[in-house]
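Given next, in structure tokens, is a single chain: the form predicted alone.
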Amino acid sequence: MTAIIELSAVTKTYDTGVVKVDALRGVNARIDEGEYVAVVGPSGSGKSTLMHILGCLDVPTSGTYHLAGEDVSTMTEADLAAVRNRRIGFVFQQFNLLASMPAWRNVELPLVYAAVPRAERKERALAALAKVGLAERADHKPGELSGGQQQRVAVARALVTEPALLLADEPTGNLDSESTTDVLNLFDELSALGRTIVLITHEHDVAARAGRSLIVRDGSIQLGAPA
């Protein structure tokens, strides 16, 4: 199997000048292409720090992180920005949709930043919305969509660049139970199609939908059993 994520002895220390906080302590983990993995832990466990490193929003203090075979520590800021825009699809608890724009315009935004031609942007945005079951809602603005539908638009935006990794940070945190089921069913469908998904959550029933879990406690990882 091809490894999408490889962490080796990764540490992250925050130094305020007064006190040092070890947020991650020698983390080792591997996630292969096509896996659906949940990262589970309570507030303060280190899972948010781990998510920032996986998403190339932060870098380790020591250790190595290889994303699809590339050592992230060797990348420049411009390289990291390109990775975040093209190789990682982010889905957050907040939908982060622009209220004045229809769904397809929200979905095409990563392609705008990547300087993709306008006609191709729209075509790919509509195709991404079709993948998440919202083809008929392409012209609807966020305020005209349910919470679950808005999160589906956010997932379509994350998928539009065909990223190696879909990184979802508490994606059901703002949803009611019906919309939560809707979004988790979508992740199941994407996983069945071979997408590599890492889901960050503190909810064990949400994590149970993944193929396996990584349990984060006190900055360290324990391997969870397959679901």
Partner chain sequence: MTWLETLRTGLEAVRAHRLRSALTMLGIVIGVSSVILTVGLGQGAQDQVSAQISALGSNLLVVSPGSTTSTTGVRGGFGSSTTLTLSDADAIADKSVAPEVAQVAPTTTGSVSLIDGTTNWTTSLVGTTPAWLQVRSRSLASGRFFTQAEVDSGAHVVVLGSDTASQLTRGDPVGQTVTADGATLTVIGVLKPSGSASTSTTSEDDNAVLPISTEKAITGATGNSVSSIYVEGKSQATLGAAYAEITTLLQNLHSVTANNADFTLTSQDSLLETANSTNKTLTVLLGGVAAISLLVGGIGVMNIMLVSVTERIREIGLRKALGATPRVIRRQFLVEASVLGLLGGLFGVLLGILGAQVLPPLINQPVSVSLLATLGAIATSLALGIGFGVYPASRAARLTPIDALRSE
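The model shown is predicted, which means the values in this text are computed figures rather than measured ones. If you superpose the two forms and keep the largest set of C-alpha atoms that fall within 1.5 Å, you have the rigid core. Residue numbers count along the first chain shown, from 1.
Separately, the form predicted in complex with its partner chain exists; it is not shown, and the next lines address it.
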{"property": "Option touching its partner chain, based on a heavy atom within 4.5 Å in the predicted complex, out of V72, L109, L145, L126", "result": "L109"}
{"property": "R121, heavy atom within 4.5 angstroms of its partner chain in the predicted complex", "result": "yes"}
{"property": "D58, heavy atom within 4.5 angstroms of its partner chain in the predicted complex", "result": "yes"}
{"property": "R105 within 4.5 Å of its partner chain in the predicted complex, heavy atoms", "result": "yes"}
{"property": "Contact flag, R137 vs its partner chain in the predicted complex, heavy atom cut 4.5 Å", "result": "no"}
{"property": "Partner contacts for 89-123, taking its partner chain in the predicted complex and a 4.5 Å heavy atom cut-off", "result": "F90, F92, Q94, N96, L98, S100, M101, R105, L109, P110, V112, Y113, R118, R121"}
{"property": "Yes/no, M101 Cα shift of 2 Å or more between this form and the one not shown with rigid core fixed", "result": "yes"}
